[in-house]
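A lone chain, given as structure tokens: the form predicted on its own.
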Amino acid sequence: MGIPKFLNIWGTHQFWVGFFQSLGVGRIVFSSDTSEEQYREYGKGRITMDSCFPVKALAGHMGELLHKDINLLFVPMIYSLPSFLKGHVVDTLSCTRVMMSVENIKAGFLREKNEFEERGIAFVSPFVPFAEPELLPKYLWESLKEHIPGLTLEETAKAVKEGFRALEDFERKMREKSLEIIRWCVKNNRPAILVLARPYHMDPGIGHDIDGEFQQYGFPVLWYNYLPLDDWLLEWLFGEEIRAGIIRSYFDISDVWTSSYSSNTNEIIWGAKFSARFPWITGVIRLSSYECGMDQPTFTPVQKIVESSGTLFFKFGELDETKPAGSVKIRVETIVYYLEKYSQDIIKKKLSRLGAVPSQLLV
């Protein structure tokens, strides 16, 4: 079983591991991180005219897996995504261009000859609505039953539950790790940086490993999608606004964002609100790929939310397949200068707006 490590797989990979392990699939092979070499060797000649580099990079991931020892290539078309935002958001849709990229890139492997058939590899691409888990067993069973002998709908339903359990376990561990980092910042009065981006920007070939550059300067880096969600912490940050009637729950973003359509976008907006309130996050790094249509409307709101609290905001926009390593290093050095100069003042100002620091942060 081969799964390309691309786009929305970055936020759901643990589901797929739990799902296929429950079905007894012997070995799951993920493609490598995105790289120029992968793109040139395996994606050349199979790419559509798409301005989104993360979409184009899928060709390299699929092509690489065709050279691995697999007999099934699984590339889900993810329509909606699981999200930690509950209650006061409209939907959890994924980017339509990202969802349909599977069919677009697949066409590149069929244009001159059927490369899947030639290599004896079955291609499976189910429609996946994570936000409607009751539909998942049927869609996945119908796409896999021809390729996994004897597979039943009941077994598939059980595997879906195992997949969600694996994903929840992974995210819980990541949030615990983030809380551990936050407590270290509180104990040592050290600033942290929050990254607002798409999950696939964790791929060093898409996000250019910018978060790693900051870690080299001693700044802990948090990602919005794994922030701790403990009630006592969210009560400290958002409780007064609920009682004042500004928001209806810790996860309500309607006070700053009414166009609630995309899961990642909603979470980025909420991450901006979190960063604006949490004292020890003194800098926010926004990453976005070239001409990302889903990100474009959020640029100004996110920057305003973050900067309204005095938190420093920096944007690395229009990331693409070029190699900006030199310019990234220069910008990181500049940003580090400002973080070192202003972080302690930012921490003091943000603390002055909140009540006493929760005892759970001081352990």
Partner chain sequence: METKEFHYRAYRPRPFTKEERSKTTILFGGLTWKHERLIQGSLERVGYKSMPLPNIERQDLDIGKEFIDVGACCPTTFTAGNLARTLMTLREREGEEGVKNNYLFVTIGACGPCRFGQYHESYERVLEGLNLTDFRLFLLDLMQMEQSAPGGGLEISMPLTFGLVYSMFYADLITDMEYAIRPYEVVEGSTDRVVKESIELLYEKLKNRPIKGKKIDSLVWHVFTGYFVDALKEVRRLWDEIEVDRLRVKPKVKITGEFWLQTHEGDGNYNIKRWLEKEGAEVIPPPVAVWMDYLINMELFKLEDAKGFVKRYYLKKLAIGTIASLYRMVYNRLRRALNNIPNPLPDQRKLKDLARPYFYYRLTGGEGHMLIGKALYAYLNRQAHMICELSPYGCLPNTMSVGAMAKVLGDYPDLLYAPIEIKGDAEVHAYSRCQMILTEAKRRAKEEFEEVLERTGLTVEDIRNFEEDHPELRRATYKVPHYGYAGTASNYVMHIAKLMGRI
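Everything quoted here is computed from the prediction, not taken from an experiment. Numbering follows the first chain given and starts at 1.
Although not depicted, the form predicted together with its partner chain is the subject of the following passage.
Participant: Is E155 close enough to its partner chain in the predicted complex to count, meaning some heavy atom within 4.5 Å?
Facilitator: No, E155 is distant from the partner.
Participant: Contact between T258 and its partner chain in the predicted complex at 4.5 Å, heavy atoms?
Facilitator: Yes, T258 sits close enough to its partner chain in the predicted complex that at least one of its heavy atoms falls within 4.5 Å.
Participant: Would you please decide whether K304 lies within 4.5 angstroms of its partner chain in the predicted complex, comparing each non-hydrogen atom pair?
Facilitator: Looking in the predicted complex, residue contacts with its partner chain include K304, since a heavy atom lies within 4.5 Å.
Participant: I'd like to know if G293 sits close to its partner chain in the predicted complex, meaning any non-hydrogen atom pair within 4.5 angstroms.
Facilitator: Yes, G293 is a contact residue.
Participant: Name the single residue among S249, N188, Q215, S254 that comes within 4.5 Å of its partner chain in the predicted complex, judging by heavy atoms.
Facilitator: None of the others qualify; the residue that does is S254.
Participant: Can you pick the one in K86, K177, R243, R111 that has a heavy atom within 4.5 Å of its partner chain in the predicted complex?
Facilitator: Contact with its partner chain in the predicted complex is made by R111 alone.
Participant: To test your reading of this chain, name the stretch in 94-102, 155-163, 222-230, 168-176 whose heavy atoms come within 4.5 Å of its partner chain in the predicted complex.
Facilitator: It is the stretch 94-102.
Participant: Go through 342-359 residue by residue and record those having a heavy atom within 4.5 Å of its partner chain in the predicted complex; state none if no residue qualifies.
Facilitator: Sequence-ordered list: Y342, I346, K349, R353.
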